[in-house]
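The chain below stands alone and is given as C-alpha cells, in the form predicted alone.
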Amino acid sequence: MADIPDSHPRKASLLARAKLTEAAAEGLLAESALIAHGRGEAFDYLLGEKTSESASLAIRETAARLIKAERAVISLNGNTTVLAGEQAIRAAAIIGCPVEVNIYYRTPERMEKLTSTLKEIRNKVSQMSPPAGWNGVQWHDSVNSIELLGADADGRIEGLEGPRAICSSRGIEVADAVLVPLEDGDRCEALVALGKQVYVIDLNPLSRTARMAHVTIVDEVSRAMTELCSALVEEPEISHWDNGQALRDALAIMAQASNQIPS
C-alpha cells in the first residue's frame, strides 16, 4: 500500500482497508468487521467521500455538547480504534474525558489487544504537538491522564441483555454524554432511554442508530474525528439542533449523487 501515489482518488479508502485487514489478521477485530466497513464505504461513495456542510455542522454541535457535558466518555469499538484511535485520543485529551473500549464480540484476547493498542496510541499522541489553538495545560500531561476503560467490565447498561450490556462503571454507566462512532441500534436506544445524550458517527442516515441519536454525524469516522478535534479547540456554542433535518440533508446528497448516473 505504500506504493499508492498521492494522486490516486481511492488512496484513503485503500489505506483504510489495508489497516483493517492487518488488524483483523492480528486478532483485533471480529470476523464481521470488514463487512461492516464495506457497507459504510458504499454510503460514503454516495457522499462523494467528503465531509458535507451538514456533517460539519453536526460535528460542531457534537463538540459543543461534549464540552458542556459533566461526564462525557468516548466509546470505541475495534474498527474505530484502528481507523481513528489517534483522533479519539486527541479528542479525549481536549475534552478531559475517558475512552472506553466497548465491543459486541468480546473476548479477553480482543480486549487486551485493543486496550494495548490504545495505550500505544496514547503514548504516541502525548509526544506529538498539541492541536492548533490549544490553551490547556501541558499537552503531554493531558494526553497521559486519559483513563482507558473497558477491560474491567464492572458495569452494565440497563435495558440490554448479553454482551452489549457490559460496560465500565467509571465510563458509560455513569456518563451523561457518550460519543459512539460506528454504533449499533440496540445500545444507542438503551443509552437514550437511560437519559444519556448520545452522539454518533454513522454513514447510514437510515439506520436506527442515526435516527435514535441526539446528534448524528453522517460521515466517515476518521474524517469526522479529525474535524471534531479542530471543533473542540474552537469551543463552539450549542445550537437549536434538528437532527431529523441533518439526516434529510444527508439523504438529499445521496439522492443527488444517484441522479448523476448517465442514462
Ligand code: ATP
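Sequential numbering from 1, following the sequence displayed. Just so we're clear, the structure is a prediction, and the values are computed from it rather than from any experiment.
The protein also exists as the form predicted together with ligand ATP; that form is not presented, and the subsequent description refers to it.
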- request: Name the stretch, out of 232-240, 61-69, 206-214, 48-56, where some heavy atom lies within 4.5 Å of ligand ATP in the predicted bound form.
  value: 206-214
query: Is A36 close enough to touch ligand ATP in the predicted bound form, meaning at least one heavy atom pair within 4.5 Å?
result: yes
- prompt: So in the predicted bound form, does G185 come within 4.5 Å of ligand ATP, heavy atom to heavy atom?
  reply: yes
query: L83: heavy atom within 4.5 Å of ligand ATP in the predicted bound form?
result: yes
task: Report whether the minimum heavy atom distance between V221 and ligand ATP in the predicted bound form is within 4.5 Å.
output: yes
